[in-house]
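Okay, here we've got a single chain as structure tokens, the form predicted alone, with questions on binding and movement later.
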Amino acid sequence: MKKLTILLIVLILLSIVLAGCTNSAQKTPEAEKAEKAPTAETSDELKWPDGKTIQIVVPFKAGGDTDFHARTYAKYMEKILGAPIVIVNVDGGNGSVGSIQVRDAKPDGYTALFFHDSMLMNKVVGVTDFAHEAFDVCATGIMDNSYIIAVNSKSKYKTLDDLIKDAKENPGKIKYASSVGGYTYYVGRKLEELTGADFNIVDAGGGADRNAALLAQKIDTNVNPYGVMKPYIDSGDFRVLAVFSEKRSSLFPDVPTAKELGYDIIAHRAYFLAFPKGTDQRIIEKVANAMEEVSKKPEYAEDIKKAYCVEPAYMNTADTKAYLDSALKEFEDAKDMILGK
């Protein structure tokens, strides 16, 4: 009986060994290669950024709000990503020159674009034939709700009502500074449509150029984010008439909203990061997570509050795409108004 038991155990073990050999023999070379091959997660994810320099293109001159926000984000993100980040200013065509450069760059994660809603306006007015759909959108770092309308402190206009009334009574006489195709151009057209005012909307360049023109009284009024005009407001050279937001800002609470004055116009723009189309989605996700981490840092919030009177307002990839889709539709629906048709 004992011998029979031992014999059965030996037969069972032998059958197991033979089955294993059979399964091994049935594996194709391709299957064995697939088993041994490293996964994308273990091979690619660990290689980027691999200490290599990441280039963020700002499609405007150095010194403006877009440039500041990009540099401030980069300062904190490079510590999180473990790689140096350089800001490259590529000015021209209301941001279109820098946008094209990034759109056509290699989608390896080492070139990105930091831009805002003016990219959408460029498409609507025909400066470009593309907008955010030509890129892999990453995330939004800031939603600037601080757009104000201001005049020189020597101006006869004490209130927004004064300005609107004169623009209605003297059509085409009041010089409203803008960058044609830019977001402020849209705000000006929207203000005309809502109030019946008729401005002489002139192309006076970027924010810094428009500030200089208003300071020299070569223009009558200017719309910009509060932070762009802050030095001149603090010095008493500019008078703020209203802010185009839902509610007054806690950072400059004495400025009334246009809405509370009877002009229901809301203006804001998202500063977002985008990569060339075809960039690995793991890179997009990694950078988006880094941007979210930056937005939660108290020291970052203090930096942007002090310099531009704005607060962090992070939006992930999906929410940024949804926002840009919606904003583009809004601009396209208002195309005739924008173009003055």
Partner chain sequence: MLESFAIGAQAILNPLCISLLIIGIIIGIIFGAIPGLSATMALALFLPITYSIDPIAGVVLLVSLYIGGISGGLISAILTRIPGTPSSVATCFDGYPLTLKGEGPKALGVGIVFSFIGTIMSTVVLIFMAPWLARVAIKFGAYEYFSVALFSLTMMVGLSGKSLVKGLISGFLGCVFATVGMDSIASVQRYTFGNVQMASGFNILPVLIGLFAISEILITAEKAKHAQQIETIKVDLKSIRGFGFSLKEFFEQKWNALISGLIGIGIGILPGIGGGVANVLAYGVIKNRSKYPEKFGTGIIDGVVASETSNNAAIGGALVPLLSLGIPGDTVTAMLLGGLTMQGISPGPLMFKEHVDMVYAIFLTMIIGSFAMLFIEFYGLRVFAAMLKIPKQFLLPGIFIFCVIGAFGVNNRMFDVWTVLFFGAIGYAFNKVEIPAPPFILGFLIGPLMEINLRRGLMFSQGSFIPFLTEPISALFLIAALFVIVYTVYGEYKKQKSAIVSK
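Since the model is a prediction, treat every value here as computed from it, not as a measurement. Between two forms, the rigid core is defined as the largest C-alpha subset superposing within 1.5 Å. Numbering follows the first chain given and starts at 1.
The same protein has a further form, the form predicted together with the partner chain, not shown here; the description that follows concerns it.
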{"query": "Triple contact flag 188, 193 and 261 to the partner chain in the predicted bound form, non-hydrogen atom at 4.5 angstroms", "finding": "no"}
{"query": "Partner-contacting position among 83, 215, 255, 265 - heavy atom within 4.5 Å of the partner chain in the predicted bound form", "finding": "215"}
{"query": "Heavy atom within 4.5 Å of the partner chain in the predicted bound form - the one residue of 124, 251, 201, 197 that qualifies", "finding": "201"}
{"query": "In the predicted bound form, segment of 65-73, 289-297, 273-281, 311-319 with a heavy atom within 4.5 Å of the partner chain", "finding": "65-73"}
{"query": "Residue 237: touches the partner chain in the predicted bound form, heavy atom cutoff 4.5 angstroms", "finding": "yes"}
{"query": "Residue 78, heavy atom within 4.5 angstroms of the partner chain in the predicted bound form", "finding": "no"}
{"query": "4.5 angstroms heavy atom contact with the partner chain in the predicted bound form for residue 88", "finding": "yes"}
{"query": "Non-hydrogen atom contact residue 219 with the partner chain in the predicted bound form at 4.5 angstroms", "finding": "yes"}
{"query": "Stretch 82-121 - residues with a heavy atom within 4.5 Å of the partner chain in the predicted bound form", "finding": "88, 89, 90, 91, 92, 93, 94, 96, 97, 100, 101"}
{"query": "Core-superposed C-alpha of residue 103 shifting 2 Å or more between the shown form and the other one", "finding": "no"}
{"query": "Core-aligned C-alpha movement of residue 144 between the shown form and the other one, 2 Å or more", "finding": "no"}
